[in-house]
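First comes one chain, alone, set out as structure tokens in the form predicted on its own.
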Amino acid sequence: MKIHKTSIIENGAKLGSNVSIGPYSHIGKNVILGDNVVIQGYCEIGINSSKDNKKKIIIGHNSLIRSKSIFYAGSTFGPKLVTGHRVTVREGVKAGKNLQIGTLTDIQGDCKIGDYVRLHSNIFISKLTKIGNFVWIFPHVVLTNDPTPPSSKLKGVTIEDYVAIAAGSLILPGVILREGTLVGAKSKVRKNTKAHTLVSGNPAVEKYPTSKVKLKYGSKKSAYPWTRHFHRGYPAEIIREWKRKLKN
């Protein structure tokens, strides 16, 4: 275990084996860190945002939280969480395994996130968002939740499995992006989408099935489903399952 002398570990915090805490990081009393977790410098883990100081935050084993990130109490993260720098995550997040959160991304809490989700940098995820498995969200995407701002009647975005949202897009409150949807860059999506369909524009409109989108490398092969050609960072057993499904 490597605990920097300037870090603060409150009584009650539970640290697994081989945990590393960087300089000037603060680990709250309700924090549970799995084995081999690395918390870099200047992080705040386990902030309480209310009088309920019994809420815990669980960080799964083999996770890496980079410097100057802030995680509030009351959330659970599966193994192999990886963040960039200056990430903010509010309370009430339930996330699966192998979540990646890019630098300066803000997750506003009360969200459900599946396995193997990839969030790039500078993304805003509002409260009540639901994200499935194997989702890709690229830089500067905004997921909203207030149909008549400001109000207390919130309705989060729902993103199903294998959705990809390109950079700079805006998804309006309550929208459902069906499985395999591709959202073109800088699109404003205000209606539910059909599965495996490309939508783009402001406002976004349905273009055609994603199977008609071709790779740009000269092969002219279909780019979607992306599981056919992109495997980097995924376990061998998942890749085998993808290949099996594509053959059927």
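Residues carry their position along the shown sequence, with the first being 1. Source: prediction; values computed, not measured.
Although not depicted, the form predicted together with another copy of the chain is the subject of the following passage.
Undergrad: Does another copy of the chain come within 4.5 Å of any heavy atom of residue 229 in the predicted complex?
TA: Result yes; residue 229 sits at the interface with another copy of the chain in the predicted complex.
Undergrad: Spell out, yes or no, whether the shortest heavy atom distance between residue 3 and another copy of the chain in the predicted complex is within 4.5 Å.
TA: Residue 3: no contact with another copy of the chain in the predicted complex.
Undergrad: Does residue 12 reach another copy of the chain in the predicted complex if we count a contact as any heavy atom within 4.5 Å?
TA: Contact with another copy of the chain, no.
Undergrad: Does at least one non-hydrogen atom of residue 86 fall within 4.5 angstroms of another copy of the chain in the predicted complex?
TA: The answer is yes: residue 86 has a heavy atom within 4.5 Å of another copy of the chain.
Undergrad: What stretch, of 109 to 117, 93 to 101, 171 to 179, 73 to 81, brings heavy atoms to within 4.5 Å of another copy of the chain in the predicted complex?
TA: Every other range fails; the passing one is 171 to 179.
Undergrad: Here the chain is shown alone; which of 200, 63, 197, 30 has a heavy atom within 4.5 Å of another copy of the chain in the predicted complex?
TA: Spelling it out, the residue with a heavy atom inside the cut-off is 200.
Undergrad: May I ask you to list the residues of 128 to 155 that have any heavy atom within 4.5 angstroms of another copy of the chain in the predicted complex, in sequence order?
TA: 136, 138, 139, 140, 142, 144, 147, 148, 149, 150, 151, 152, 153, 155 sit within 4.5 Å of the partner.
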